[in-house]
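Before any questions on binding or motion, here is one chain by itself as structure tokens, the form predicted on its own.
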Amino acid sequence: MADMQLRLYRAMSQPTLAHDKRIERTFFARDTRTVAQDLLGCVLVRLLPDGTRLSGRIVETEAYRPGDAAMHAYRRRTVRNAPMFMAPGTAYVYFTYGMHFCFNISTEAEGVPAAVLIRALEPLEGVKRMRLHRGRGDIPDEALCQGPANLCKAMAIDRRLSGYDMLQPGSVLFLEVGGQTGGYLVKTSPRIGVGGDEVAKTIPWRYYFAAHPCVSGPPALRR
């Protein structure tokens, strides 16, 4: 059922892909919660050294902003979290659990620690290459970029891209204007697996296309 749903969604949305209609810096220089919602449906693009183009439509995000006890820069600026303070549209990639990378994009004003975590994509281009990066040939399309760690593996994103200006000329990691949403409703929930105080654990700053087959998390947080 999920495969059929994904194919139907792709048939509806694929013709609206707009190569080179890149999202500009002003898009990111806004309230993080607004950016996190508006990123849904946009297309993340990764250009590999051999010219291969990987892309996926964003279907799930989380917002992290000043005063948020779950945010990495909540207490102070460090070498690790410095990209969160950089110009809006800067990639922030961190290593977690000693084995996974997670990809974020800085938001709001330069000097303000804020970012959006990209949690899941609907694969669009370079699917075969994504499977190679994941190390398994039997992964269904909807699971390739499902969850932040899988997304980074499939899209070849690691901490070498942390601090990377996604708006620079010749960028190999950038966002393009999205197309149709296939009729999916945008819902919110508490963020998944965060620490901090009770507010940080319960505030509804996760945004996603409800019932989309590529969205991550437990079933109750995907409907």
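For every residue, the number given is its place in the sequence shown, counted from 1. In this text, all values refer to a predicted model and were calculated from it rather than measured experimentally.
Not pictured, yet referred to below: the form predicted in complex with the DNA.
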{"item": "Stretch in contact in the predicted bound form with the DNA, which is absent here, among 42 to 50, 164 to 172, 23 to 31, 65 to 73 (heavy atoms within 4.5 Å)", "value": "65 to 73"}
{"item": "Contact residue in the predicted bound form, chosen from 117, 91, 130, 124 - any heavy atom within 4.5 Å of the DNA", "value": "117"}
{"item": "Non-hydrogen atom contact residue 148 with the DNA in the predicted bound form at 4.5 angstroms", "value": "yes"}
{"item": "4.5 Å heavy atom contact, residue 95 and the DNA in the predicted bound form", "value": "yes"}
{"item": "Distance check, residue 187 to the DNA in the predicted bound form, heavy atom within 4.5 Å", "value": "no"}
{"item": "Close approach of residue 192 to the DNA in the predicted bound form, 4.5 Å, heavy atom", "value": "yes"}
{"item": "4.5 Å heavy atom contact with the DNA in the predicted bound form for all of 154, 211 and 214", "value": "no"}
{"item": "Any residue of 30 to 45 that, in the predicted bound form, places a heavy atom within 4.5 Å of the DNA", "value": "none"}
